[in-house]
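What follows is a single chain, given as structure tokens, in the form predicted on its own.
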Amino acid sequence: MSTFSPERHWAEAFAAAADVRAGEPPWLEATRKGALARFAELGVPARKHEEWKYTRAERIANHPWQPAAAASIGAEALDELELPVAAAPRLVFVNGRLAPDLSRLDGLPPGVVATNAGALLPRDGAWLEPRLDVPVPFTDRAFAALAVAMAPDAAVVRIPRDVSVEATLWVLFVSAPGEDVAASPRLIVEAEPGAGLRLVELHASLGASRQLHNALTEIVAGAAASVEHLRLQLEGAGTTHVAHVHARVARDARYASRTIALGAELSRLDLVVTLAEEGAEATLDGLYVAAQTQHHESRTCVDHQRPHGTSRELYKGVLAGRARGVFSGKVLVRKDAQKSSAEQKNENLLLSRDAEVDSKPQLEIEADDVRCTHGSTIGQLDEDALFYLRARGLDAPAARALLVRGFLGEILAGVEDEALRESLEARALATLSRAGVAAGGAP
């Protein structure tokens, strides 16, 4: 019996999809083949690889995933997500392909581009060509290269110079039911100088099928632009979610990232923010909630490359059952990035004896005139606070739920849409309740 080879498996899957790619320009085929070759060259990371120390890459890769085929879903499937998207401008992708019947772009300002890459290729191929390649920070990441090779299409959002989009734009990546399939959703966002955008990127699956979702997002904030990016991972219990996100922030621009991971059996996010020009600013907030046997890993890197850059980061985790959380955050201040200011904090709440978290905040400072701080906390619910609430008439389950809700609230409070905020809180508490926590189970 031959040993399973992920590199050979994906090479065969790529070759089998040649007919699907028949209409693509030669440069795109070359880009895909180059990315596939890069995946084979890098190989699946081993446990000795520092960035894969806590998450077994072979657990993800050593499985005969089949590329997700084109599929359609009804509008009622969006209603089942119980999220306030009905009246919002939105792009909906199913198994990585645009679903025009479910998308709605009413009310966007003139000149805004919100579509799929396939529709832009005939007229904007030159603009798309460099953007459809592997993002520079991820040229050493095997799964990012695989996403470039296998993504059937990409969502593209482009905001013209000095245009601010008042409404929040949703980009929904929904996976249809299907066992042992792999989807490769891609998102490309560019806010030109002076532009403004509020974006929700949602990853959700219908049902609890065993699936791999290998996502890749790249965002560019031009000079003095503002991009607020809320990323929601709400996938089913059978899903493995691997994601790479890169944001490049130009002079005096602002990028605000808020990532919330509540779903999937195994979830890993690599987020890299490049403060590429003077005065660039980034805020990174994150929340991961895991129970039972879920595994969540968040890896962030903020790269201060030029002077007067500012970054603020707060990631919080809540873990119950036998769940495991991993946080690794790096702030890199290069020698030309004088007058930079960076703050990084990771806080974790363990609600059971068997829950586990590994936290590693890091600073790498090459400049000498900077202000940088970092810290990490891991703890349980405060017994004094529980006693105080019990003394005022709350029973044990209600007191515990109130304290957990307060811990979640610091991140969720930044979600401006009240209906969305309440939905996310309810999902988080339901996840913990299934592990007997919010419902009052013993820690």
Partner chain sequence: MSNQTLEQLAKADYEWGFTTDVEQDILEPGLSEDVIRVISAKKSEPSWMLDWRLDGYRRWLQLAEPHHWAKLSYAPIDYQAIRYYAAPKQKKQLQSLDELDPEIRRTYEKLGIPLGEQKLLANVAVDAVFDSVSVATTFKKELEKHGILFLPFSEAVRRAPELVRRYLGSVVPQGDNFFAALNSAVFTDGSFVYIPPGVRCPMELSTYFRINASETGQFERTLIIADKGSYVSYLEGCTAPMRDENQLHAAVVELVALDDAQIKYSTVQNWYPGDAEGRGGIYNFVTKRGKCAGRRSKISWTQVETGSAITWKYPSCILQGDDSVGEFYSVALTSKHQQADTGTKMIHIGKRTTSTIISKGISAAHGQNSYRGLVRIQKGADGARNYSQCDSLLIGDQCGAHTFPYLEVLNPTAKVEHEATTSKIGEDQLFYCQQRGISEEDAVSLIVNGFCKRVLKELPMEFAVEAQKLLGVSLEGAVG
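Only a predicted model underlies this, so the values are computations on that prediction, with no experimental measurement involved. Numbering follows the first chain given and starts at 1.
Same protein, other form: the form predicted together with its partner chain, not shown, and the subject of what follows.
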The one residue among Asp384, Glu418, Glu41, Glu50 placing a heavy atom within 4.5 Å of its partner chain in the predicted bound form is Glu50
In the predicted bound form, the residue from His374, Lys33, Arg56, Arg390 with a non-hydrogen atom within 4.5 Å of its partner chain is His374
For its partner chain in the predicted bound form, the stretch among 193-201, 364-372, 144-152, 128-136 with residues bearing a heavy atom within 4.5 Å is 364-372
- prompt: With a 4.5 Å heavy atom cut-off, would you call Asp252 a contact of its partner chain in the predicted bound form?
  reply: no
Quiz item: Taking 4.5 angstroms as the cut-off for heavy atoms, does Glu356 touch its partner chain in the predicted bound form?
Solution: yes
Gln338 versus its partner chain, in the predicted bound form: is there a non-hydrogen atom within 4.5 Å? yes
Examine Pro26 and determine whether its closest non-hydrogen atom to its partner chain in the predicted bound form is within 4.5 angstroms.
no
